[in-house]
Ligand SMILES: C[S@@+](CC[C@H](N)C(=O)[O-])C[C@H]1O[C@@H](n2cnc3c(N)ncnc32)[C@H](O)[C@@H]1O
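Take a look at this one chain, the form predicted alone, written out in structure tokens.
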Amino acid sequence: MSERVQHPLFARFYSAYVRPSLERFGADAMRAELFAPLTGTVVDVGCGPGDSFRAYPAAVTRVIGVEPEDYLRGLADKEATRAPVPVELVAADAEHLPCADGSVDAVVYSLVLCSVPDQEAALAEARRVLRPGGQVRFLEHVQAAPGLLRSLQRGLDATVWPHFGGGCHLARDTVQTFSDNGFEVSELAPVAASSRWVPAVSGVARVLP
């Protein structure tokens, strides 16, 4: 396994400023709606401080929370004790999931695919660990429509933003990356509460036969 990348300054900034902003924009309700159909074993990839744990329905019997950043995983450990479902935390990353082949019912990405070093490797891991008929549920910010804003996003990605944003990229075409890597995307919807400067979508992805 490769060495886990740490972003300690960004982790603290995220917890102090971004986390409260997401709560104000209704992130809990969005996650609860997205997760409502889930059952069985779920891998929550890049679970951060664990805010998603409280959104899982009772039909989920086990959540494996994968978080490479030590500071965020410490916060997630506290959230796990208050979660309505059993949560096991693991120090790992999206490209190296600690799960056997075909062993989980769902993979969840919540504002994480923007910052994984290798999206294709991450999705390959999702395909590997999903049981037949399993699903990915995602809530991600994505690149803007063609125009000035997309050009600005790409310019920031190529210069300063990933360094200040804990590896985050503003202009990733995440939905297309799913389609290019063996998934069929459905239930795709814009997130109404997202900023016009940072558009976001939610959806479901299933492995193509």
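The first residue of the sequence shown is number 1, and the count goes up from there. Since we're looking at a predicted model, the values are computed, not measured.
Omitted from view is the form predicted in complex with the named molecule, to which the following refers.
- The single contact residue among Ala76, Val104, Val136, Val116, judged by any heavy atom lying within 4.5 Å of the named molecule in the model of the complex, is Val116.
- In the model of the complex, the named molecule sits within 4.5 Å of a heavy atom of Leu111.
- The named molecule is not drawn, but in the model of the complex it has no heavy atom within 4.5 Å of Ala126.
- Contact check for Val204: every heavy atom lies farther than 4.5 Å from the named molecule in the model of the complex.
- Heavy atoms of Arg31 reach within 4.5 Å of the named molecule in the model of the complex, making it an interface residue.
- Partner contacts here mean any heavy atom within 4.5 Å of the named molecule in the model of the complex, and among 155-163, 142-150, 40-48, 57-65 they occur only in 40-48.
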